[in-house]
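Single chain ahead, written as structure tokens, the form predicted on its own.
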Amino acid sequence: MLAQPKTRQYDVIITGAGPAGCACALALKDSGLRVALLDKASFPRDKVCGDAIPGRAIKVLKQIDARYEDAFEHFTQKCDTKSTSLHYKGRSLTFDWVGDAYTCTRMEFDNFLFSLVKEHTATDIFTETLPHSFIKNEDGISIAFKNKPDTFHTKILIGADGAQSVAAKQLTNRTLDRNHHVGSVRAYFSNVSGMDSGKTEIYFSRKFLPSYLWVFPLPDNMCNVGFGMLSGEIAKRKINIKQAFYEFIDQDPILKDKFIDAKQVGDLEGFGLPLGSRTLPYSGASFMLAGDAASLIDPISGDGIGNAMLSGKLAAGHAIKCFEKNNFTATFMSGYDTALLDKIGVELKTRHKAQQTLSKMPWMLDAIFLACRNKAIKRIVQKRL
């Protein structure tokens, strides 16, 4: 006899066990709330990304619990980033990092965070669980699944299910805006010559400005190599981004030399980056969005992990306030939006303006390279990176 479908009840359900979702679960550890963490995959799993881990991500870990930062310090599958070199028209410019930064494959980093959740929290974890629909009702949100007969119900849903977020699409009716979205590709390469494990490399091409190609070192003589462009530009200029990736490497003299003996490991894979360059709703009655589901990616650097983890932590904090006040209305939930924008709103607006300026006036890149011959100006530019 087949078991009857049942409804599982939780105070907080987090969809997506990436950096935003795991940071949220970790931050809810001592809340006394019944929490579930859902992910469509099983871990460890790959996530197509640039594999750069910014200092903000580790700062958030420390703020949640200093033990998590200590665990990351002892985590061996990473490279410490000490500097970044920019390359354009045969010129180079190197900036030294003042704060902490790392490179690490998302398979390793996400599994590290996921392991922390399993080890340190009482979170109920459901992998290979694919949400199909989110149904609002008077006392929360119900979730139905493509591959499971049971339904889940929660007072608060935290949608951290990535760039293609089902939660964001269904709960906010969000649509893709190509002017605030980047189409990217990345591949792993071994034996890229002349790499320094402590230095990430960025390459600009006049043809593809303000976009760039990155070469990020990883452990075991591997590199994450990727290229991205605004989706609007890709569509307008009818660019085949995979073809452009190889063209970029072949036409840049420095890159061509670096990759002469390199070997591609695996496929060149595409992924989308929803930029934090437009004002969007991050919450509503009984729900909040975090990470890529909230479109928080830096318009200049393409970094999303630091903002994702910050948003996960802030969502957890606001969820606790909701239960303390027994208030799950859209008005009260908007306090999360305010907290998030207070932390990164100005930063995202500034980065978006810089992106627009460079797009309209590509000669600004020449000016930056020229101006940074002056050490004082270089220090000012470095602080804004």
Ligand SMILES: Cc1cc2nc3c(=O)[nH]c(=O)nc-3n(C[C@H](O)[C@H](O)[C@H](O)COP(=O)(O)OP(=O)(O)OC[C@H]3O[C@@H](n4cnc5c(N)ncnc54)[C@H](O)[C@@H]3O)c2cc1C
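Don't overthink the numbering: it's just position in the shown sequence, from 1. Everything numeric in this text was worked out from a predicted model, so none of it was measured.
The discussion below concerns the form predicted together with the ligand, not included here.
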Query raised in the report: Can any non-hydrogen atom of Ala41 be found within 4.5 angstroms of the ligand in the predicted bound form?
Result: yes
* Is there a heavy atom of Gly304 lying 4.5 Å or less from a heavy atom of the ligand in the predicted bound form? -> yes
Discussion item. Val166 versus the ligand, in the predicted bound form: is there a non-hydrogen atom within 4.5 Å?
Written reply: yes
* Asked: Using 4.5 Å between non-hydrogen atoms, is Ser277 touching the ligand in the predicted bound form?
  -> no
Counting heavy atoms only and using a 4.5 Å cut-off, do Gly16, Ala20 and Ala290 all touch the ligand in the predicted bound form?
yes
Checking Ala52, Ile320, Ile58, Leu26 against the ligand in the predicted bound form, the residue with a non-hydrogen atom inside 4.5 angstroms turns out to be Ala52
The one option of Ile156, Val215, Ile297, Leu314 with any heavy atom within 4.5 Å of the ligand in the predicted bound form is Ile297
Among 87-95, 67-75, 265-273, 231-239, the stretch whose residues bring a heavy atom within 4.5 Å of the ligand in the predicted bound form is 265-273
Residues in 174-191 that come within 4.5 Å of the ligand in the predicted bound form by at least one heavy atom, in order, are Ser184
